[in-house]
Each structure stands twice: as structure tokens, then as C-alpha cells.
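Just one chain is shown here, as C-alpha cells, and it is the form predicted on its own.
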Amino acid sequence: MTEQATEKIDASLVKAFVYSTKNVLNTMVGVDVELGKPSLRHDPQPSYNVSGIVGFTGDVVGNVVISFTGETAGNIVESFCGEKMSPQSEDFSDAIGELCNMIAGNAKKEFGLNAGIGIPSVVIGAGHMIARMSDVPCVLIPCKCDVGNFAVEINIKQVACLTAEVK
């Protein structure tokens, strides 16, 4: 049984990831990113087989998944670290996680809200699933650059902030 998304995703949150993704990959990897047309993602499987996942807390909750083809992930890690690495290497996962952390951190700054980010998780392998909030849509942004294809999958929402009166 699947639930329908009952909320819309805030366009300013999506724009923050667009800006951040382009900025981080240009600055840290030296590639220009071309973004495709955003669409809604209903399938819990990520777009590709290497996924960096970062959760959000505070005024913004949910997660962002940066999903790479294996070849793209290898090329990006090589450009980022200056050396070729095996996907089985701990350093490979750390590099993917760090890039995803930078993208999430820069986007968080753009939100202008009190939001926190979690420690990135990296999953490598075909057929993995990503748990998502069912009450807000997941926006998929296909991306391509000189080193391959990847996708940014955004499933976040801004939550109401409760303030307590101090006496």
C-alpha cells in the first residue's frame, strides 16, 4: 500500500540544491554540470547504483540522495582525490560521502533556516532502496557532466517551528 504525497515541495529548497550541486562539482571536481528537467520520483530505488544520502533535521526534514552510475562515481572520485580508487575502498565511499556532505551543507546555507545535516551514508550496489517520506514528493533532477551521469533526488520539507515562551 502506498500513500500519496499530500504536500508540495518548496521550490526554493530545490533551487538551493541546484545551485549547490553545480557549485560544489565545479569547485571541487572541476566539472560543469548540466541539469535536466526535474520530475517526480515515485520509485524507492535510486536512479543509479552508487548513492550518497544525507538527512536533514530542524526546520527542514527529509533527505537528499546524490545517485551516480558506477563509472561516474569512479571518475568523480578520481577528479576529487587526484587518484583512481576501487569502489571497495573505504576512501572511495568517504569521497562520495564528503561530496554529498558539501552539496547538502551548501544547500542548507542557502535555505536561510535553522537546519542540521546528518553524517552522510553511502550505499554501493544495484537494487538498493531509499526510504522516503510519503507525504512530500521526491523531486528528481537528472544531471550530466563531462565525467558521466548522476541524479539529485530531493525529498525534504520545511516544518513549522514551535517556539516556547520563556517566563
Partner chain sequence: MKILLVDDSRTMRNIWKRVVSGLDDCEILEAGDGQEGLKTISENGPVDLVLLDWNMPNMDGLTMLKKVRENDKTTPVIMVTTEAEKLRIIDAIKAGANNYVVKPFTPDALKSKINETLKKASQPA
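Positions refer to the first chain, counted from 1. Note that the structure is a prediction, hence the values are computed from the model and not measured.
One more form of this protein should be noted, the form predicted in complex with the partner chain, which is absent from this view; the next part is about it.
Taking the partner from the other structure, the partner chain in the predicted complex has a heavy atom within 4.5 Å of a heavy atom of residue 24. At least one heavy atom of residue 28 is located within 4.5 Å of the partner chain in the predicted complex. The shortest heavy atom separation between residue 142 and the partner chain in the predicted complex exceeds 4.5 Å. Interface membership of residue 47, defined by any non-hydrogen atom within 4.5 Å of the partner chain in the predicted complex, is ruled out. In short, of 39 to 47, 64 to 72, 134 to 142, 108 to 116 it is 108 to 116 that has heavy atoms within 4.5 Å of the partner chain in the predicted complex. Only one of 130, 102, 122, 33 lies close to the partner chain in the predicted complex, with a heavy atom inside 4.5 Å, and it is 102. Contacts between stretch 83 to 97 and the partner chain, counted in the predicted complex as any heavy atom lying within 4.5 Å, involve 90, 91, 94, 95, listed in sequence order.
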